[in-house]
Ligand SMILES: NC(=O)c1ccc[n+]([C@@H]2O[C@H](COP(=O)([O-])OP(=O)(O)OC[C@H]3O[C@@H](n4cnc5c(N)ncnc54)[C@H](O)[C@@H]3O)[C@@H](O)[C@H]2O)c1
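First, one chain by itself in structure tokens, the form predicted alone.
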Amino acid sequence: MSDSGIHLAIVGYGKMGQAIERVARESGHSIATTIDPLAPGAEHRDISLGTLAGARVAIEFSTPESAAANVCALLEAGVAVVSGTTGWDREMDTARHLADERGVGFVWAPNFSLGVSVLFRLVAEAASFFAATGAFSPWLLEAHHDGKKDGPSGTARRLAQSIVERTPGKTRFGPAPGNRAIDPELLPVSWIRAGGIPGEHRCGWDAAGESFEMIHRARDRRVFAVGAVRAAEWLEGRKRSCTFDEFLDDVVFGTREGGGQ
């Protein structure tokens, strides 16, 4: 990151985008532009070289329907992208290939909260330990505000996949059926949409005589904004698609050496 901060574009100027703007300015970065086709306060409605106004990195929190087009347009323009939009998994590989082809930085994560970053690691470890006992059954519950469009959340999907991969006999995850017993191969995942809940994720394992839970609650969407801005600082100057784990290892846990471009 340069001493003068990063010239940032914010794509998606809802509550999350506005939180990112506040955190970015507090961190010494400048806002080149805000882009959103619907938000009243956004400076521009679409992405172009003109509307990007010289931004070097864009932070994209939009909608599942528009994320792929937004990210690809930014990468085509040579602007590195931090994306936190969930629900567009099928198009993710296209964006990653484009970033590598164009030599432009790109990182996506379902959740930029630093607490959830730790949760990802702990759940993976716990799933392996409980699987080794052969006595515990896993489950997952998440809750978000009633405006969230995808379910389960991207964070829940990542957690669920991690548990499935480490639990013998589990082959998939999804909602429990309403009219019959749960298939033993299914990891049951439930979700709640109500009010203004910023985000809550619960992973649990239950046995005959005991139970174990891990819970992360976000009390303010600012925590996601802080993580996204840190990711933008880390991504500047990188010239390829990067993984969220690379960001975590470099910036949060400090376990990687180098961290190539």
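For every residue, the number given is its place in the sequence shown, counted from 1. For clarity, every value in this text was computed on a predicted model and none was experimentally measured.
This next part talks about the form predicted in complex with the ligand, which is not shown.
Residue contact check for residue 49: none of its heavy atoms lie within 4.5 Å of the ligand in the predicted bound form.
Using a 4.5 angstroms limit between non-hydrogen atoms, residue 109 touches the ligand in the predicted bound form. Contact annotation for residue 35: at least one heavy atom lies within 4.5 Å of the ligand in the predicted bound form. The ligand in the predicted bound form is approached by residue 15, whose closest heavy atom lies within 4.5 angstroms of it. 39 is the sole member of 207, 39, 214, 192 with a non-hydrogen atom lying within 4.5 angstroms of the ligand in the predicted bound form.
Listed residues 121, 172, 97, 149 were compared with the ligand in the predicted bound form; 149 is the one with a heavy atom within 4.5 Å. Partner contact region in the predicted bound form: 84-92, out of 133-141, 184-192, 160-168, 84-92, criterion any non-hydrogen atom within 4.5 Å of the ligand.
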